[in-house]
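Given as structure tokens, the chain that follows is alone and in the form predicted on its own.
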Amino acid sequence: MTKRQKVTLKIINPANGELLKEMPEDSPADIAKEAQAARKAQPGWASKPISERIAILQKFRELVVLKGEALALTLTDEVGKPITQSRNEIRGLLARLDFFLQNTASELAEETVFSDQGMTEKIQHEPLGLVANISAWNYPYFVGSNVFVPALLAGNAVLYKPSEFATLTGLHIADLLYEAGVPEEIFHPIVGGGAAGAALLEQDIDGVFFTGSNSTGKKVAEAVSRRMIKIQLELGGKDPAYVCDDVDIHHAAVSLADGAFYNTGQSCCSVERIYVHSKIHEPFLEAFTAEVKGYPVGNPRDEKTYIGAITRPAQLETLQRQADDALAQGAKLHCGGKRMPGPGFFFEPTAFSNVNHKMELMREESFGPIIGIQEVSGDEEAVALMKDTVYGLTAGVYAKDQARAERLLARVDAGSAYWNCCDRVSPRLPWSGRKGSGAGTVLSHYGIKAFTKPKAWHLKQPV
């Protein structure tokens, strides 16, 4: 019988199309072997005092600081993220690590909830066991750490599959964890694309935590639907923002342009559609377009670059299709509108007005540097349009009056609500999607307990 040949993963720099590295993908047999080793080793990891696990992850934090610049350069080369934004992600990771390091022990401490007349009731938080973490490429440090850090602190073993578009970063994460003291059997990176992810889901796992597109999230859910395991899906969005008639127009325009185009628009919580009150629509458009036209586009390693490369070349087709569809249906193009020439995968920063919900641009996730801005008559029309979506990740309102903003946002079914800000995540607040944006929660105390299963103890003293 002929020995099956290894599939090779090619890692491409999206800014110039050059090959960064080739490496073999993990086969189903490789993944099964790692899962078995992790399953065997997990009880020993869970038996360590939580203080010891915290000390190891604290060392991981120190190594991130020590090697931050090298990590940022790899991230930039691999996904096309501008270098200043890669550094921001590395720095932002530290606050998330600090939150978990400071709060996990107290959140997972044994709780006595009742004690009277010889009867005691208490709750213990036990680790799930073996966790599959299928992560994303757009913010690999943020998205990954939301899962593997609290999972490891809680005593779980983790099979970590970074996106094939962020493989080198995933391997850096593994190396730092090993250097910090996490046993290799307890955290293992899985190298590969969709086939590796599918093989991972076939293993004897106790939970799967996935971040990615809505379409892939549905496939993940279907793959494990007949098994009684924990499943958490952090999916995409079509996040709206409404600009009221009483705002500082320049401030709102600058803030929303950044919210729409930061990370080249490749964020699940990027602002993807904007509704502007008719009283300020024209001056807002002028200020917004001027801001976007000033964004430097180019080499992600250049300190001045704000718009980098599109990580997945296939996404260029989606962006072009949305732009062409909007133009065909009467949208007004203010800037951009097409793929940029030359090597690499770049799309011009693009803004449209005179848009409506018949256009794909206003309905389907773009995940790139493109935005539609729609004029509305007032609050009621704005809310109706914000609610007109299959997604429910974030929503924002720009207004002077906080009470007005909160009234409007309370009517929108979204996991996160923003007043005079956008595209923001805090480790202290739960991050969750509704409807097509996912199921389950990361971050905050919810995102710590998500990696445990509670055990209820009924303890009665003998008579």
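Residue numbers here begin at 1 and follow the sequence given. Everything quoted here is computed from the prediction, not taken from an experiment.
The following text describes the form predicted together with a small molecule, which does not appear among the structures shown.
Among heavy atoms of Thr216, some come within 4.5 Å of the small molecule in the predicted complex. Using a 4.5 angstroms threshold between heavy atoms, Leu108 stays clear of the small molecule in the predicted complex. In the predicted complex, no heavy atom of Leu101 sits within 4.5 Å of the small molecule. Although the partner is absent here, Glu164 is a contact residue: one of its heavy atoms lies within 4.5 angstroms of the small molecule in the predicted complex.
With the partner removed from view, the residue among Asn138, Thr169, Thr350, Gln374 that has a non-hydrogen atom within 4.5 Å of the small molecule in the predicted complex turns out to be Asn138. Between the small molecule and the residues Leu327, Met119, Ala198, Val390, the one pair within 4.5 Å by heavy atoms in the predicted complex involves Ala198. The candidate stretches are 254-262, 76-84, 175-183, 156-164, and the one lying within 4.5 Å of the small molecule in the predicted complex by heavy atoms is 156-164. Using a 4.5 Å heavy atom cutoff, none of Val147, Glu364 and Gly415 lies near the small molecule in the predicted complex.
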